[in-house]
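Okay, here we've got a single chain as structure tokens, the form predicted alone, with questions on binding and movement later.
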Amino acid sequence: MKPERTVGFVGLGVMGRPMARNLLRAGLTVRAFDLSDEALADLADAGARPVASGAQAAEGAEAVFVSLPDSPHVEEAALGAGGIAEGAAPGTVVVDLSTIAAGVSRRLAVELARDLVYLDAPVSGGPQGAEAGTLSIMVGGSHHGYGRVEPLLRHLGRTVVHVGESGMGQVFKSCNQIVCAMNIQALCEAFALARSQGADLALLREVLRGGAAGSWMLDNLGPQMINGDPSAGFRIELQLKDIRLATQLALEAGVPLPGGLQVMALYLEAMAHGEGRNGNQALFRVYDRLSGQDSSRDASDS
């Protein structure tokens, strides 16, 4: 009989919950913590062991996964009262799947280094990729720590790559998010122009998919843009946070990101109109408002 393998999981949101489910499907024991009783109950129904804190999630775990919205949440989960550092045995690997500031990841790696191994391992692929276990995972930190958890990460992602020292996973993720956000903006502009000319947007999408303009965003978010469906997958407010992290990193490095700043302004406009909890594709509503093509829609429709 194989010995039981236990991992902790902190953060059961739109990305964390399906990732934790994939670890359960792989036969692992998952000690799960979230502030939402509903999320805990849902994962318990799938076989997880709900616990009352990050420290308890870390007890007896060979690795603890973290999937939280932003830097302060991760810092609190790792180092705060009742946090992972309180319950984890020496040598436990903390795998941070969140998208946070690269500087915070580097600091956490140093602060946890006495007893624990910290890896920044942000993911890309959205809720669909999290459900299917096909995420792209960019891992920063020690080679030794990466080697210990790579087999576990293979249950979550199709592309799992060690990209460098601590913080480099977050650097790669910032680059990823700039490309994603500007691709969404490009789709919105193409659809707005086509609509102004009375074009069939569904037909346009099919034509674009067959050529050099084809993309993941066109495949997955294009239909929602065309149908006026703002329902949340990866939310506007989270994408804005990711773009902010990328532009802050660029400012520190003295690297101009004119396109990144422009798309951030559009996301800010979406936030100002109450779109924050709508999906990324709701950026098309900004072009509705700018062009006046469909000014009757607002966030209350979602």
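Values in this document were obtained by computation on a predicted structure and should not be read as measured data. A residue's number is simply how far along the shown sequence it sits, counting from 1.
We do not show the form predicted in complex with a small molecule, though everything after this point is about it.
- In the predicted bound form, the small molecule sits beyond 4.5 Å of every heavy atom of Gly60.
- Interface residue remark: Arg235 is counted as part of the site for the small molecule in the predicted bound form, having a heavy atom within 4.5 Å.
- Contact between Gly16 and the small molecule in the predicted bound form is found at the 4.5 Å heavy atom cutoff.
- Taking the partner from the other structure, the small molecule in the predicted bound form has a heavy atom within 4.5 Å of a heavy atom of Leu12.
- With the partner omitted from this view, the residue of Gly80, Gly103, Gly126, Gly133 that lies near the small molecule in the predicted bound form is Gly126 [heavy atom within 4.5 Å].
- Between the small molecule and the residues His155, Arg195, His73, Arg148, the one pair within 4.5 Å by heavy atoms in the predicted bound form involves His73.
- Exactly one of the stretches 184-192, 103-111, 118-126, 156-164 approaches the small molecule in the predicted bound form with heavy atoms within 4.5 Å, and it is 118-126.
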